[in-house]
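Here you'll find one protein chain in two forms, each presented separately as structure tokens under the names structure 1 and structure 2.
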Structure 1
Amino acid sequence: MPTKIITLTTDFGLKDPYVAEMKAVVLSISPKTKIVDITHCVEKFNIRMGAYTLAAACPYFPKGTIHMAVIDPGVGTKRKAILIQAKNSCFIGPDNGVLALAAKSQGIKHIYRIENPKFMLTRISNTFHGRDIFAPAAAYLANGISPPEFGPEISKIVTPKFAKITKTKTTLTGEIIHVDGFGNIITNLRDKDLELMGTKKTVNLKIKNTRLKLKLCKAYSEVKAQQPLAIIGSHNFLEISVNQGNAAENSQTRVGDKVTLYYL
């Protein structure tokens, strides 16, 4: 069996022992597994941000990767623990939406509840199912335990609400889905949506109540340092950036704000 990869996406931060405890559990059960951190710096309890981050990273991992995501404000309640078998990967975590975006983009084949105590730690805490339930499940899955052994198949999962794009004769309206560490403002408008603009090289936008005219660039440095621009980013979304600067810092924009593109 080739080496398996387990990825981790959490809001646990980097100063506490929690991430290491999950890795220790994985390596105790499945010593040859490679663990790759996606991030542990998701904003606390921000399921949507976790879902976005996992969905962005997961297409680049090899077939057979197991993705575990633990942003879990409902830990200890009746929210389900689930294992999603998708086309290329499996996903393990709480059924609160954090896995949904990534799993759906691959095509979901089966969903199972994780209920079999054989594949959990002996003692389950009230507050840390990442270590006690999800980490062992991921490790046993990496060891070749088949998904149906973890629990009964179910048909539905919780899905985070991302705005749909609405179209009029002159506009497309979407929203800001992420602001990255460089201050790039990432919208859910895609490269193909911009084809409506034809050959125009200026992007006409409204974000909340502010109108912007930005050069549509292929490189940040097509505008001077500290000047704003529009660019198709590395996940094919329209982004608003500042060359060698931070677009988000001096704007009032937030994730969830509406973005209107005047394409005509």
Structure 2
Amino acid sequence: MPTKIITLTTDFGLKDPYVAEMKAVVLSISPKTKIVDITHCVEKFNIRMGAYTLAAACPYFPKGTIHMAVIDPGVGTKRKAILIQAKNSCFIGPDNGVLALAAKSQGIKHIYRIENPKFMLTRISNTFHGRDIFAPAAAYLANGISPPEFGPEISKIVTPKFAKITKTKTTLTGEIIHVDGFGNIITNLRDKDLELMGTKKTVNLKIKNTRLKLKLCKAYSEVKAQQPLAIIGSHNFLEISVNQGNAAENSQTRVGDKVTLYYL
């Protein structure tokens, strides 16, 4: 059996032993597994940031990769532990939206609740399901355990607002899901949404209460320095940018603000 890859995305940081504990559990069960850290620096409890980071990174991993994401402010509550089987990957984590963007972009085939105690640690804490439930589930999956063995199949996952696109006859409305270190405003609208709107050269949009008509560029330098533009970024999300400037500061926008596309 080829070496399996398990990725980790968390808000645990690197100061505490939590990440090492999860890796130790994985390697104790599946010692030949390769573990790749996507990041452990997601802002604490920020499900939106974790979902964006996972969705941005996961398309570049080999088919069959297992992605584990643990940004879990509801740990110990009735929120479900889930395993999502998508077309190219599997996703393991809490059913709170952190897996939604990535799994939906790959095409969800099946969703299972993780309930079988055979594939958990013997003692389950109320505060660390990353170590006690998600890590062993990922490791057993890497060992070849079939997804249906983890628990019953369910039909829905939590889909948070930041993963939803609202459509009317004349508009598509999404929201800002991330502002990167350059001040680029990254939305949850994708290249396929622009195609749906018939957008080719110009983007007609509104952020908060400001209406903008921007050139749809393939490179930042297609407009002059300090001029705004629209661009499909490297992760296929629509971005509003300023060449050699900071779009988020200029427009005084932040994560969670609505972005509406209009038919031209």
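Think of the rigid core as the biggest set of C-alphas that the two forms share within 1.5 Å after superposition. Keep in mind that what you see is a predicted model, and the values were worked out from it rather than measured. All residue numbers here follow the sequence of structure 1, with the first residue given the number 1.
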Given that just one of these two is the form predicted alone, which number is it?
2
Hinge between rigid parts between structures 1 and 2 (choose from Phe162, Cys41, Ile29, Lys118)
Phe162
Quick question: how big is the domain rotation between structures 1 and 2, taking the chain as two rigid parts and the angle in degrees?
24
What is the C-alpha shift for Arg190 between structures 1 and 2, rigid core superposed, to one decimal in Å?
5.5
C-alpha positional change at Thr170 between structures 1 and 2 - rigid core reference, Å:
11.6
